[in-house]
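Have a look below at one chain only, the form predicted alone, in structure tokens format.
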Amino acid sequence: MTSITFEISGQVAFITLNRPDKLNSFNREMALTLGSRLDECASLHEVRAVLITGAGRAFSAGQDLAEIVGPNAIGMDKILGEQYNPIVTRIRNLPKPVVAAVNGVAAGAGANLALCCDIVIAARSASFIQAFSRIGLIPDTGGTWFLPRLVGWQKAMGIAMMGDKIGATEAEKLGMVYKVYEDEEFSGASRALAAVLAEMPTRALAFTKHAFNSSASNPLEAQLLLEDELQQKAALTRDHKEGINAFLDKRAPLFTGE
């Protein structure tokens, strides 16, 4: 059984973490395959949005601990440097929207994989756990960067140090999640949301993503200059012209991602 399933449908790439018997915990093969699939999404013109979810009852329980113990253990340098950090970088640099559809528990690196995506949606029964402190580690996979920016310093420190289980409803209130859907609606709603993103002006969304990424370190003056630069590029796209014409014609726009 492949650890990652990959499907392209309606200009959306659907990536499913597929080790349900292990709650989709990451082993090396699964992490490297996910990285390769993200590269594929970046290069394929027909892909205009990406959705990542999990098979079975979990999104991902994080790192498979069986790989970090014993005589054949993989060191943290390889786990982070060759697996998780490149995945986070790929997601943040991918010039297309990436949706995390959190269908169940998201723990440790699995939680932070979700939080690094552009839009996070969750099933009502889903939960997020920064499980690192329970095994004497620190949040990785970008957790120390994304979490305080999403929920604020005090909440982030408490969640990280205490290892609290955060239900989907609370996660939405805290700002970790864009929307929560009832479990029976979740699969259809997540696919529908990704389909809408795939029909939007893809280059404008990529410029928006670039601007948001840069805002974390830019002073206001630099951010205003970047907005100026990116807005000028967006104004030259075919989709901008289509959006203007559709507005004037009082019709729905037909964006092509160009």
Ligand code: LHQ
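Just so we're clear, the structure is a prediction, and the values are computed from it rather than from any experiment. We number the residues from 1 along the sequence you see.
Omitted here: the form predicted in complex with this ligand. The next part is about that form.
Heavy atoms, 4.5 Å, this ligand in the predicted complex: which of 118-126, 145-153, 183-191, 132-140 makes the cut? Say which one.
Going by heavy atoms within 4.5 Å, the stretch is 132-140.
From the list L51, A198, L34, A61, which entry has a heavy atom within 4.5 Å of this ligand in the predicted complex?
Comparing distances to this ligand in the predicted complex, the residue within 4.5 Å is A61.
Does S25 reach this ligand in the predicted complex if we count a contact as any heavy atom within 4.5 Å?
The answer is yes: S25 has a heavy atom within 4.5 Å of this ligand.
How about R57: is it within 4.5 Å of this ligand in the predicted complex, going by heavy atoms?
Answer yes; at least one heavy atom of R57 falls within 4.5 Å of this ligand in the predicted complex.
I'd like to know whether P97 contacts this ligand in the predicted complex, with contact meaning heavy atoms within 4.5 angstroms.
Output for P97 is no: heavy atoms all beyond 4.5 Å of this ligand.
Does this ligand get within 4.5 angstroms of any non-hydrogen atom of I79 in the predicted complex?
Yes, I79 sits close enough to this ligand in the predicted complex that at least one of its heavy atoms falls within 4.5 Å.
Give, in sequence order, every residue of 106-127 that has a heavy atom within 4.5 Å of this ligand in the predicted complex, or say none if there are no such residues.
Counting only heavy atoms within 4.5 Å of this ligand in the predicted complex, the contacting residues of 106-127 are A107, G108, A109.
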